[in-house]
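Below sits a lone chain in structure tokens, taken as the form predicted on its own.
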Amino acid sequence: MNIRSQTQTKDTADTAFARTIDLDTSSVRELNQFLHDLPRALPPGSNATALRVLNPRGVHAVAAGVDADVTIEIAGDVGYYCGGMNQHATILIDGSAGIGLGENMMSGLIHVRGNASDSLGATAHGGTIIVDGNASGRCGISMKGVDIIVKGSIGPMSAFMAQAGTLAVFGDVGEAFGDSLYEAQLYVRGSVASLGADCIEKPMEEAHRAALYAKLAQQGLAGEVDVGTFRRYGSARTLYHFHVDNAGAY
């Protein structure tokens, strides 16, 4: 079925979701093409900016490459690389997400109400990703400016080669946290199994508490946790300016 004929414009009683797209009867390719064509895909005169996606059933690459100020609510679990390369869009996932959620994201918001798998926010340059549950290993790998907030715990090798942005974890962190870290800001409220090469704990001063509070407040999370209970981690700056005395640490 052509997605333009399948999408439904609801009556004014439900303006929050002006469009509904069912992946039982449309392909992910059709969905993403529709999203890429926004706002040209909307009827003339329409100001609808919200869509609901039904029956994702763990398929991959849902809402990848979106470049539009639109809200996309996905009713269920998604597979690999959902929201990849996102720009401007707000993507709400009422389920869990597979590998590479928000990979190379540039701006916008992704909110997962369940858990996230490996490589959450990998290489992402901007925007915010929120996970209500836990995230698996390599969370924030090579992050380049994105803000990631995980309300649960994260797995090993997280923030590996993280260059910029903020990673805030309400729970615990796995082994080799922040290995080969550059200048990303890392905040953890729970325990850290072990630190990676060149990652150290740093003083949590008032300026850092204020910065973290501002990040949480921006997403309406300021009242959920006490920023005074977080510890801060960062780079010892002994690896990324190569020195022969540090060769053994590479």
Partner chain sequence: MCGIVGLFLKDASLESELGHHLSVMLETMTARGPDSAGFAVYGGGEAGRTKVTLRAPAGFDDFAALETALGAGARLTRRGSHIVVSVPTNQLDVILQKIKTAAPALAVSSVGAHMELYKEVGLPADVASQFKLSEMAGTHGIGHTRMATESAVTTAGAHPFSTGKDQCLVHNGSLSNHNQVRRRLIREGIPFATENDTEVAAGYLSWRLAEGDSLGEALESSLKDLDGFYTFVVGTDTGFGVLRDPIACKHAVMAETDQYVAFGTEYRALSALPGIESANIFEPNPATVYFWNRAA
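It should be emphasised that the depicted structure is a prediction, and the values quoted were computed from it without experimental measurement. Positions refer to the first chain, counted from 1.
The same protein also has a form predicted together with the partner chain, omitted here; what follows describes it.
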Problem - Per-stretch contact check against the partner chain in the predicted complex, the hit in 160 to 168, 106 to 114, 142 to 150, 72 to 80 (non-hydrogen atom, 4.5 angstroms) - result: 72 to 80
Exercise for the section: Although the partner chain is absent from this view, report whether Arg209 comes within 4.5 Å of it in the predicted complex, heavy atoms only. Expected result: no
Exercise for the section: Considering only heavy atoms, tell me if Asp118 and the partner chain come within 4.5 Å of each other in the predicted complex. Expected result: yes
Practice task
Although the partner chain is absent from this view, report whether Ile99 comes within 4.5 Å of it in the predicted complex, heavy atoms only.
Solution key: yes
Exercise for the section: State yes or no: in the predicted complex, is some non-hydrogen atom of Ser136 no more than 4.5 angstroms from a non-hydrogen atom of the partner chain? Expected result: yes
Practice task
Scan 50 to 87 and write down, in order along the chain, each residue with a heavy atom lying within 4.5 Å of the partner chain in the predicted complex.
Solution key: Arg57, Gly58, His60, Asp77, Tyr80
